[in-house]
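Read the single chain below, which is given as structure tokens and is the form predicted on its own.
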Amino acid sequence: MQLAMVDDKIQPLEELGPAHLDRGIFFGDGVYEVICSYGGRIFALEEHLRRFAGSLVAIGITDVDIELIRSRVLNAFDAAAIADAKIYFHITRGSAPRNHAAPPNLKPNFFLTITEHQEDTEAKTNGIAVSTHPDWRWKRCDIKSLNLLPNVLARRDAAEKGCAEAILVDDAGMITEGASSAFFAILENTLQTAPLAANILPSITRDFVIKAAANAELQVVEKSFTPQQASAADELFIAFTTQDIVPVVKFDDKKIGDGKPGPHTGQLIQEFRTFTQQGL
């Protein structure tokens, strides 16, 4: 008899519902997105959907209608009636008994949640501490996949050190990005961040930070740098969907600048706010 146990309940395997046989649970076999709304308007929806479509194609889930996904997101957003919302959604390859090779013609599974989105004003005002961690992720971080265990472990290590984010360092000793963020340094009037590659997520927030930097008349250099160079920067910050720009005032226990969020970072926060207020 083939059986399954869910907590303490034993039952025939064939009675399991599809949620327990989801390939996202077994293998992380799926991709996801997170989008925010501001004042009742979803920010950068089209950019997120384009990236989502690219991630689906990259892992071979090709029978998903992105127009249907857009409709689902908008319908759920309208139903939730949350003006400042965090919208999470993912698609997995489908549900089937555990086997690395997926059976043909699986129906992809879609899942979405909408919750309140609140700005962390304390972090933006006072800045955060970050710590470095080896980049243990797979070689296709440009795909926004559900395989996030290395990110989770890095963030766990950072939390144990009293830090809000882990900054990942590759085998060559270069910073790639944060465990859940893009990472930036400011040296005088230059904004520096690692260039996009297979080991860097093409962050939507990163794109808007670069646009904000142009508006603030900062030179942008897409070039990798070391933790030693980061610790000597005038200013540091991370950027991610749910909080946009967050100043970094301590890097591996070393104070950055005078230990307070820097003026260029503050200017970029204001520039970014104009984008969200426009509901782009």
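Note that the coordinates shown come from a computational prediction; the quantities given were computed from them, not determined experimentally. Numbers for residues come from their place in the sequence shown, where the first is 1.
If you look for the form predicted in complex with a further copy of the same chain, you will not find it shown, but the lines that follow are about it.
Annotation: in the predicted bound form, residues I82, R93 and S145 each come within 4.5 Å of a further copy of the same chain through at least one heavy atom. When a further copy of the same chain is considered in the predicted bound form, D171 lines it closely, a heavy atom lying within 4.5 Å. Interface residue remark: G262 is not counted as part of the site for a further copy of the same chain in the predicted bound form, having no heavy atom within 4.5 Å. Of the heavy atoms in R155, some are within 4.5 Å of a further copy of the same chain in the predicted bound form. In the predicted bound form, a further copy of the same chain lies farther than 4.5 Å from every heavy atom of Q278. The stretch among 205-213, 95-103, 185-193, 118-126 whose residues place heavy atoms within 4.5 Å of a further copy of the same chain in the predicted bound form is 95-103.
Annotation for 111-139: interface residues with a further copy of the same chain in the predicted bound form are F111, L112, T113, I114, T115, E116, D135, W136, R137, W138, K139 [heavy atom within 4.5 Å].
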